[in-house]
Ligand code: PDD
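Here you get one chain, nothing else, as structure tokens; it is the form predicted on its own.
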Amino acid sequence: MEMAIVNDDMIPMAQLAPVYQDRGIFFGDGVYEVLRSYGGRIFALDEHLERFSRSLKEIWIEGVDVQEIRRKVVAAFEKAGFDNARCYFHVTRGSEPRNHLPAKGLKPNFFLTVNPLKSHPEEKEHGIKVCTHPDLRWKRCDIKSLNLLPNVMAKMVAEKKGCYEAILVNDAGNITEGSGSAFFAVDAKRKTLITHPLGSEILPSITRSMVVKIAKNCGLSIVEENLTPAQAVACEELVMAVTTKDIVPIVEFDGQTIGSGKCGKHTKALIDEFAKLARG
């Protein structure tokens, strides 16, 4: 008889719940999204679902009704009743006994959570510390897949160094993005906001796209180009952007103070402009 053990319980495989044979657990075989709300309104739902659809397509998961997912997201958010919430959801290829090659016709699995999202104004006021870490991720970072072990390990290294975020550096010595965030640098002399070009090396972050959208209102033009850690440190301001925190100033990079060591005027303008966009 085929057997399984779940923690301390020995169970015949025939009685094992499908959740324990999810391909997301075995292989990270799935894609996910994280979105948030402001004042009881979901922000950028269309954009998140569009990216989610693309991720599904890129890893060949079929049979998913994205409009049905939209209804589930909205229903769960409204039922939860949080003004400011974080909504996480993922789809995996399905459940079956472990085998690298998936069976034909698997039914995808869906999972969703809604949690209250606390604000941390001190981060925007005082900024955060970051450190660099080798970018060890796979070559399709543009897909928002469940394969996040390199990101998790980078974040753990950052915490050990007393930093909030790890800024990933590729084999060519260029910054790609944060372990869980987009990365920007302000060149005040050129009045530009520098970020890594879109492509397979970075996630097409929704928050990143919003920052790109509002930059011109802050007197900054967007420049997509490679940036080394040494070049980043020489910039007047550095910025982290992520769904759950919006825009946060980076005041220390690999132990070196950035600018005045406080939130710079361009970053402050971006924070204010983003708030108008998110709550408008």
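Remember, predicted model here, so these are calculated numbers, not experimental data. For every residue, the number given is its place in the sequence shown, counted from 1.
Keep in mind that the form predicted together with N-(5'-phosphopyridoxyl)-D-alanine is not shown, yet the notes after this line are about it.
Among heavy atoms of residue 34, some come within 4.5 Å of N-(5'-phosphopyridoxyl)-D-alanine in the predicted bound form.
Of the heavy atoms in residue 147, none are within 4.5 Å of N-(5'-phosphopyridoxyl)-D-alanine in the predicted bound form. N-(5'-phosphopyridoxyl)-D-alanine is not drawn, but in the predicted bound form it has no heavy atom within 4.5 Å of residue 133. Using a 4.5 angstroms threshold between heavy atoms, residue 241 counts as touching N-(5'-phosphopyridoxyl)-D-alanine in the predicted bound form. A heavy atom within 4.5 Å of N-(5'-phosphopyridoxyl)-D-alanine in the predicted bound form is found for one listed residue only; from 185, 91, 182, 154, this is 182. Site residues 214, 218 and 268 are none of them in contact with N-(5'-phosphopyridoxyl)-D-alanine in the predicted bound form, judged by any heavy atom within 4.5 Å. Partner contacts here mean any heavy atom within 4.5 Å of N-(5'-phosphopyridoxyl)-D-alanine in the predicted bound form, and among 104-112, 77-85, 122-130, 197-205 they occur only in 197-205. Applying a 4.5 Å heavy atom cutoff to N-(5'-phosphopyridoxyl)-D-alanine in the predicted bound form picks out 48, 51 from 43-72, in order along the sequence.
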